[in-house]
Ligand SMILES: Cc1cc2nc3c(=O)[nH]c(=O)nc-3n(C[C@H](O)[C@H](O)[C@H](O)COP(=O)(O)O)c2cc1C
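The chain below stands alone and is given as C-alpha cells, in the form predicted on its own.
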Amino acid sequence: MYPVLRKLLFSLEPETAHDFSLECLGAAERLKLLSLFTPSVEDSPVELLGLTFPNAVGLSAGLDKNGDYFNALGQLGFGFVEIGTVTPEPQAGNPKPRMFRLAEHEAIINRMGFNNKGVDYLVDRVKNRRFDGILGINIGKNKVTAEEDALSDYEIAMEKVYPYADYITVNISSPNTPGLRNLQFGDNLDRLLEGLAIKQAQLSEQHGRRVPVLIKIAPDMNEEEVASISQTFLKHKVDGVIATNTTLDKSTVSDSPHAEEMGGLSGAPLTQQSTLVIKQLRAHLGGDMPIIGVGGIQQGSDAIEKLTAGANLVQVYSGFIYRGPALITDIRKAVAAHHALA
C-alpha cells in the first residue's frame, strides 16, 4: 500500500509531504486504525543503557521534532523513537525551501536549521505519552546562542526533558547550525562533556533515576579525528554514541540537480561512510560503550552491516521515507535472524 501512497506524497513539495504524512499518521492513530496496517513481528528485546528495548530498530530524530506524532510512529513497530532536535527557545529554522528529494539516489538533502516550537512545547506533548517503547529526546542549542555558551542551552534543555526521557541525545553534529560541529573537537568537547556530566549527576540525584546521555556525531571525520573523539568519550565515560548525522560530502550525488544545495545529505549515499565511522569507533572505544548506528539504512542487510561493524542498535530516517513501514519489518526480521545465528 505504501508505494501507492508514496507516489502521491512525492508529487508534493518535500516539506509539505512530510507535514501531511505525519498529520495522516496522527489521525490514523487517533482513529485506532494503525494496527490494520502494521504486520505483527515477534519482539526481540535488547538490554542496553540500563533499558529494555523491545527491538533493535528505532526512528532517528528529525522526523518528529516537536513530539506531536511519536505515539503514532511508535505503533508502526519501532522499538524506540527519538524526537527532536529541540532547543530551549522556539526557532523558525532556515528559510524555505530547505528540504530536497534526490529520488534517483534514495537520498534527502536538508538544511532545516533546528526548526522547532521549543522545549516547553515538546514537554507538554510528551506528558501525553501512550507509546510503551523507549523514548529518546534529542536536544540542541539555539542558533542565536554563542558557541562558547552552548553548554548553557544543553543544560536548560536537559533539565526540562529529563523527567520524561528514557535517554537524551546531545546533538553536536548537525551541519545546519553555524559552529555547532566545532563542539565535537578538542577543548570545546572536553568542556561540554564535563559540564553535561555534572548536570546529569545533579538531575540523577534530584529525580532518583539516571537517564543515559548519548552524543550524536557527524560522519565527516577521518580516523585520526574518530580516535581523538573516542578518547574524549572514554575520558568522560559518556553513556553512548549515535553515529552518524548527515554528511556535507555531496560527491556521491554530483549528477543530481540538487547536488549544490546547502545542507546535510542523508539516505543511501551515506551507508558506507556511516558504517565505516561505526567500525572505527568500535575499534577505539572497545566493546563496552553502546553505539546506535544510523545513516543510509535502506534494507535489512544495511542494518546487519551496522551491527557487524559494532553498533548495538540501529535507527532509520530517509529509508523510512522511501520505503515506509515495510522497512521496519524487514529490518526486524533481518536482525532477529542475525541474532539467531550469532
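Quick note: we count residues from 1 along the sequence shown, nothing fancier. The structure presented is a predicted model; accordingly, all values stated were derived computationally and were not measured.
The protein also exists as the form predicted together with the ligand; that form is not presented, and the subsequent description refers to it.
Heavy atoms within 4.5 Å of the ligand in the predicted complex are found in one stretch of 45-53, 25-33, 275-283, 62-70, which is 62-70.
Though the ligand is absent from this view, in the predicted complex it lies within 4.5 Å of a heavy atom of just one residue from 102, 150, 203, 99, which is 99.
Scanning 112, 218, 192, 126 against the ligand in the predicted complex with a 4.5 Å heavy atom cut-off leaves one residue, 112. Residue contact with the ligand in the predicted complex: residue 270 places a heavy atom within 4.5 Å of it.
Taking non-hydrogen atoms only, residue 292 never approaches the ligand to within 4.5 angstroms in the predicted complex. At a distance threshold of 4.5 angstroms between non-hydrogen atoms, residue 84 is in contact with the ligand in the predicted complex. Taking non-hydrogen atoms only, residue 316 approaches the ligand to within 4.5 angstroms in the predicted complex. Contact annotation for the candidate site: 108, 245 and 296 all lie close to the ligand in the predicted complex (heavy atom within 4.5 Å). Scanning 145-181 for heavy atoms within 4.5 Å of the ligand in the predicted complex gives just one residue, 171.
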